[in-house]
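First, one chain by itself in structure tokens, the form predicted on its own.
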């Protein structure tokens, strides 16, 4: 159990002994920390249900309360029960509250979603950062988790690129309809060429109907298996993945699978036949659709277009086939999709379709949508010129700003150029990732580079500095021959506050996991770092004269460092050894 679970169990037992439902015994952090550490408000609801006086009922609950854990249990207001823990009981809770799922699941997390031939940009940032953190949190609590990049490698953009290259270089062997291969192992274009071609082809197709038709026909030929087109497509994918892996690695994001829409494509004919045989796939204006609207819908939910009038498949079909592929290859208990809020209708349609087809229960499919990262003008983050900012340029920008901050704060002085550059990169990426993760996933937020690279306030650099200070404290204690950690015995108020923050770790992990909200962990980490800072300012450690107190405080410092490390790992943040 977490700390709040155990306290709730104690209160629940007291409520039951007082003759009311044990469910009223839920404990939470106190709204007024200056009055108590925790509170239980259940007496008010229990009294209403049993027609009793709430203060009298609260008094009865307190009388039946096991006092082993509590230094004080006081009744406040109309019947609130304020609770303060005994120091020795609290001390025993440190390090014993890492929460694990009682019934771990096999989970696939679909996040990233980059498109082949397009460089990663700031629009890919939140999916990557949030998805990586949710994957790490789920693994930390015991789930078997697979992260899939799910590349956009099979849609109309592929036909646009193929047709664009054919218009530019029609003599390439890939465009000979009689050529079956083998084809050249080296790509006919570079990554730079590919990135230039994509927007040019897209713009041309939007401006010219005939050009758009050419791209659609190329898409259909690719999906039908034309050899030259398949070989060319493979070049596009390989070039793109190599570049993506580098950018994602610098961001601390790692995928287990680099599958794409193309991997699901071979399953589509089989799925289509099955859906048709069961009357789920209908013909409508030359297309094949699946109706997913329900009688109780309060909004219009359009049908899925499984195949369009030209016989080509789109995102609906490939997402359904991807679910089938995952069922067959991984047999997951649950699938999570970390994709922005604009795709909410799309995933509602897909989830309903697979549930209606009996392929996978809708309740085990979750769209974990997120808001946008905006600039100071409140609009999606752009370059100064108004263009889309590449992820690589963004990482470089925050790294440069982090280096400036290190100099301003007199940190990393006397370090070699290589170590300084490494620290600046870690500080910059931590600033970027913590800025994103510390905001609720479902909210938009403004990225202020000056604010988020500061070493003060709720920022990534502040947390990294706290961790570096902890290492410094322990190193000094070791150099002074202060001895190792001993039994933690809380006495000073700052020790008590730090111990309480440490003991609530399990509750923070469970809430972040259950609600799919990493910002809950960020809040805990910031509160823990603040408590440590107050402890550090008020309590001597290495030069504390009392041996038992010194050993206890070294234990508190070690526990704080270990917990911050665990949180950094779950958030996907790398910390330097020193600053």
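From a predicted model like this one, the values you see are computed outputs, not experimental measurements. Residue numbers count along the first chain shown, from 1.
The discussion below concerns the form predicted in complex with a small molecule, not included here.
K.L.:
Does any part of residue 467 reach within 4.5 Å of the small molecule in the predicted bound form? Heavy atoms only, please.
P.N.:
Heavy-atom contact with the small molecule at 4.5 Å: absent for residue 467.
K.L.:
Does the small molecule get within 4.5 angstroms of any non-hydrogen atom of residue 113 in the predicted bound form?
P.N.:
Yes, residue 113 sits close enough to the small molecule in the predicted bound form that at least one of its heavy atoms falls within 4.5 Å.
K.L.:
Would residue 441 show up as a contact with the small molecule in the predicted bound form if we use heavy atoms at 4.5 Å?
P.N.:
Residue 441 lies outside the contact set for the small molecule.
K.L.:
Using the partner position in the predicted bound form, report whether residue 339 sits within 4.5 Å of the small molecule, counting heavy atoms only.
P.N.:
The answer is yes: residue 339 has a heavy atom within 4.5 Å of the small molecule.
K.L.:
Of 219-227, 162-170, 433-441, 340-348, which is the one stretch near the small molecule in the predicted bound form, taking non-hydrogen atoms within 4.5 angstroms as near?
P.N.:
Contact-bearing stretch, as computed: 340-348.
K.L.:
175, 315, 462, 369: which sits within 4.5 Å of the small molecule in the predicted bound form by any heavy atom?
P.N.:
Checked against the cut-off, the match is 315.
K.L.:
So, a 4.5 angstroms cut-off on heavy atom distances: do all three of 126, 511 and 519 pass it with respect to the small molecule in the predicted bound form?
P.N.:
No, because 126, 511 and 519 lack any heavy atom that approaches the small molecule to within 4.5 Å in the predicted bound form.
K.L.:
Relative to what we see here, could you say if residue 121 and residue 247 have their Cα atoms closer or farther apart in the predicted bound form, with a change of 3 Å or more?
P.N.:
Farther, not closer.
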